[in-house]
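Taking the form predicted alone, here's one chain by itself in structure tokens.
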């Protein structure tokens, strides 16, 4: 409309209008070229200084171990230091908040497990949602497991569930705390199977194992590492994994597929996230480097040592996993009456 008005008002100067439009498109073209050159330059120069790799967990645990092995491998690829910084607290939500609030330049990334992203938001007031960050990739998972005392009268998952369904069944299981991933994972299975087991919360899988071995709860519910040596020593009979498939670390233990409950799978998994507005060239560099590192023999060995299963997903697939799991566990939390804690 502006061009038409100019032509009517200044009929003798239509060439000025055409020249203005031409200049306008030349500026747009120049801008696009400049942006393209800038993106290429950014991709080629990143990382130009050390990168902070925030791990919202204490040192020594599986999340920390995997982060450090990956960091070492990626450093060799990208020729720059990835400095692991442990920022534990509030079930991992403290460090996660720092990751998503960081400057989106690619120099602060986070290696994280799923609980702060898909479990904690149902019981804690967190300062982020899936729209606050972007998943770069994920490396794989480790099953949670339900184990009984050695003399429990069941040899597999089918018999285990049958015992839980008995009219006089009054069993307890230890878990990692109210609203924790193990509790929601177990309840998701119990609800799907139509059974009820009373949960007893403890301060983590190590404490759960201690109380289980002491006979204070009927079943252990938690991650594999704390109970694995006791299962191998015959002090625990592990009957059901929270993963659909079996786990090589416990080859005799059934996964949910044995109960046709594959859709109730909830596992402990790990991945890399960045603030949502990280430039695309930087994002692609990180994704490529970490996916390559996760597929290395060195990292595969680290996963096997922790009893974890390698399953590398790209950013898009990991983002979908986060959103699906967040919704599913939210439904379980709601059914249990779990409420967010007020500040």
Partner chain sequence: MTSANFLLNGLWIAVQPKNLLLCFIGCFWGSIVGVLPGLGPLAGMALLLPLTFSLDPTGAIIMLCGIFYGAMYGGSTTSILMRIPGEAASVVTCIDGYEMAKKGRAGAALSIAALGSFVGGVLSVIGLMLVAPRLADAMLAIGPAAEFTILLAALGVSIFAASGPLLKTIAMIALGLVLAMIGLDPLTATPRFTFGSLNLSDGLSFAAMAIGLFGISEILMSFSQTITERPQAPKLREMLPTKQELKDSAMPTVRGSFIGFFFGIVPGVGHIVSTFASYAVEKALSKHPEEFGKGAVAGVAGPETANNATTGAAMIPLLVLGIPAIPVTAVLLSALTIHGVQPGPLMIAQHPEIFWGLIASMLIGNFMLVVLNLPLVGLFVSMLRLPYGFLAPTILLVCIIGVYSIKASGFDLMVMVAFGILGYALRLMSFDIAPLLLAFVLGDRLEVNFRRALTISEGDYGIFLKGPAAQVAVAMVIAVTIGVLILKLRRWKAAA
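Numbering follows the first chain given and starts at 1. A quick note: this is a predicted structure, and the numbers were derived from the prediction, not measured.
Below: the form predicted together with the partner chain, not depicted.
Distance check, residue 199 to the partner chain in the predicted complex, heavy atom within 4.5 Å: Flag for residue 199 set to yes.
Against the partner chain in the predicted complex, would residue 64 count as a contact residue? Criterion: heavy atoms within 4.5 Å. Residue 64 belongs to the contact set for the partner chain.
Does any part of residue 155 reach within 4.5 Å of the partner chain in the predicted complex? Heavy atoms only, please. Looking in the predicted complex, residue contacts with the partner chain do not include residue 155, since no heavy atom lies within 4.5 Å.
Heavy atoms within 4.5 Å of the partner chain in the predicted complex: does residue 209 have any? Yes, residue 209 is a contact residue.
Three residues, 72, 87 and 93; all within 4.5 Å of the partner chain in the predicted complex via heavy atoms? Yes, because 72, 87 and 93 each have a heavy atom that approaches the partner chain to within 4.5 Å in the predicted complex.
Identify, from the list 80, 192, 97, 149, the residue with a heavy atom within 4.5 Å of the partner chain in the predicted complex. None of the other options qualify; the answer is 97.
Can you work out which of 124, 164, 258, 102 has a heavy atom no more than 4.5 Å from the partner chain in the predicted complex? Among 124, 164, 258, 102, a heavy atom within 4.5 Å of the partner chain in the predicted complex occurs only for 124.
Partner-proximal stretch of 133 to 141, 261 to 269, 228 to 236, 247 to 255 relative to the partner chain in the predicted complex, 4.5 angstroms, heavy atom: Flagged stretch: 228 to 236.
Hey, which residues along 321 to 337 are within 4.5 angstroms of the partner chain in the predicted complex, non-hydrogen atoms only? Heavy-atom contacts within 4.5 Å come from no residue here.
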